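Next up: a single chain in C-alpha cells, the form predicted on its own.
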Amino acid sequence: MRVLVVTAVPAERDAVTRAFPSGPGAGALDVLVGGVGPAAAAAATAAALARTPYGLVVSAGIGGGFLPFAPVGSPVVASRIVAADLGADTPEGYLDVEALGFGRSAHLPPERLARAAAEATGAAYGPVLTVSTVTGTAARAAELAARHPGAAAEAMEGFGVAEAAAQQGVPALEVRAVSNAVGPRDRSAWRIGDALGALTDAFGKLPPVLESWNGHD
C-alpha cells in the first residue's frame, strides 16, 4: 500500500522523513509539503491523488494540544478529523455545516488503524480540530473544548486533507505532535523542536502498523 503524507511546511516534512534513514517508507511512502491551512492542504492533496494512486493519506505535523489530555511534546492520533470553525454563529450559538444542511464537518479515520497507530506511538487518541485561525485566548480554548468533548489537539490542515481524500474514496489519518497548549498565545512557551522530534519518533513507530493494515476496518 502506497501512503501519502501531507505536511504544511518543510520542517514538518523533514521531521517525517528523518524517521526513515534509508528513504521514506522504503519507497512506499511519499511526503508532500501542501501549504498552511485547509484550502492549500486540500488542493495539494487532490493534485497528488490525481497523479498517483494511494491507499492511505496522512495529515501530519505539529499543533496545539488541549491540556491535560495532550501535553507539549506528546503525539496525537485523531479519532475524528473535525472542521471546528466551518459553520455559522447564531444568537443561539455555533452551528456547524451539518446543522446548516450544507455538508459534513467531520471525517472518521479507519478506527482500527487509528487506534493501532495511537497504541504503537503512545499517542493521545481523540478528535483533532481543524481551524483556520489558531486559538489564542482561554475563552476560545474553552469554547472549542466544550463544543468538542475530548478534543486532543488543533491544527490547520487535517480536514482539508481528509476532504480531498474522501472525494477520491481514500481513507485518511491525522497524526500530530504538540508544540504548545491550546489557549492564550505565548510564543515563549512553544516547544517546536520538541514537537518535531516527537513527530519523527511517532513516524518511526508507524511502519509495522501501516504494513499490517489491510485497507479496511
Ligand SMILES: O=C(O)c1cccc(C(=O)CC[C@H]2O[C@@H](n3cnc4c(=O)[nH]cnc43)[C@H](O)[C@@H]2O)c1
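Note that the structure is a prediction, hence the values are computed from the model and not measured. Residue numbers here begin at 1 and follow the sequence given.
Not pictured, yet referred to below: the form predicted in complex with the named molecule.
Within this chain, residue 8 lines the site of the named molecule in the predicted bound form, having a heavy atom no more than 4.5 Å away. Contact between residue 62 and the named molecule in the predicted bound form is found at the 4.5 Å heavy atom cutoff. Contact annotation for residue 51: none of its heavy atoms lies within 4.5 Å of the named molecule in the predicted bound form. A residue is said to contact a partner when one of its heavy atoms sits within 4.5 Å of a partner heavy atom; residue 192 meets this definition for the named molecule in the predicted bound form. Contact annotation: the named molecule lies within 4.5 Å of heavy atoms from the stretch 131 to 139 in the predicted bound form, the single such stretch among 76 to 84, 131 to 139, 91 to 99, 105 to 113.
Note on the partner interface in the predicted bound form: the residue among 70, 57, 156, 175 having a heavy atom within 4.5 angstroms of the named molecule is 156.
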